[in-house]
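A single chain, nothing else alongside it, follows as structure tokens in the form predicted on its own.
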């Protein structure tokens, strides 16, 4: 099978990971163990997930000319992602503070840096998008970047609408696939126009097409140690599956399986599975 040509336009973060017995409440201080650094960012995570699921992936983004940025670039390259369209500039690499409790649940705070400088004016940017089978964006980069990307895309245009922010009418009309979790789905007023994918953690994921549920899948049960990156794994797996020509139900089941597997290791990208691992996992869980 020829690999689907996937372009991811989005965020690249260095994640500062701290593990604690429970997440803090408002105004509360909770002690944690030793911190650790991991590559992350929704854009980079989804690029890695898509590459490990067999996609031929190019990342468009920005990092600083610093140690965190170099760590992120190396992680993308190790997973087979083309980083020739990632710019290293003077603005520091974006940082995410990731707090994870023993149950695997998490809270994340992102300090924007180089993500605010993603370049959409490079002469090869439009050509890159027009040749892609699918393009993925998230909302950790500027709205203008997402809209210009949507306007230039000729293949499948997918938006993971997180974090929640207003979706303009101009952008909404260009989205082929909208992927949100159940909380984001509610925040957007339960949209069902077009193809809308709604994840629910370990609950049932659903796909709506013009208001009708056309697919449902339950993620396989695993002993999760870290849920950071599970949603990004789902996005990468789902889009690659659609771009390869799979039906929506099959794509949803593969994405759910990939998301479950990704929770078995610490760090957003560390546990992201290969397509071979997902295939074997699905056969074992029939």
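Please read these numbers as outputs of a predicted model, since none were measured by experiment. Numbering follows the first chain given and starts at 1.
Omitted here: the form predicted in complex with a small molecule. The next part is about that form.
*Asks:* Exactly one stretch in 24 to 32, 217 to 225, 42 to 50, 60 to 68 has heavy atoms within 4.5 Å of the small molecule in the predicted complex; which is it?
*Replies:* Single hit among the candidates: 42 to 50.
*Asks:* So in the predicted complex, does residue 140 come within 4.5 Å of the small molecule, heavy atom to heavy atom?
*Replies:* It does: once the small molecule is placed as it appears in the predicted complex, residue 140 has a heavy atom within 4.5 Å of it.
*Asks:* Please check if residue 87 has a heavy atom lying within 4.5 Å of any heavy atom of the small molecule in the predicted complex.
*Replies:* No - in the predicted complex, heavy atoms of residue 87 and the small molecule never come within 4.5 Å of each other.
*Asks:* Residue 13 near the small molecule in the predicted complex, any heavy atom under 4.5 Å?
*Replies:* Yes, residue 13 lies within 4.5 Å of the small molecule in the predicted complex.
*Asks:* Does any part of residue 96 reach within 4.5 Å of the small molecule in the predicted complex? Heavy atoms only, please.
*Replies:* The answer is yes: residue 96 has a heavy atom within 4.5 Å of the small molecule.
*Asks:* Of 195, 148, 187, 110, which one comes within 4.5 Å of the small molecule in the predicted complex, counting heavy atoms only?
*Replies:* By the 4.5 Å criterion, the partner-contacting residue is 110.
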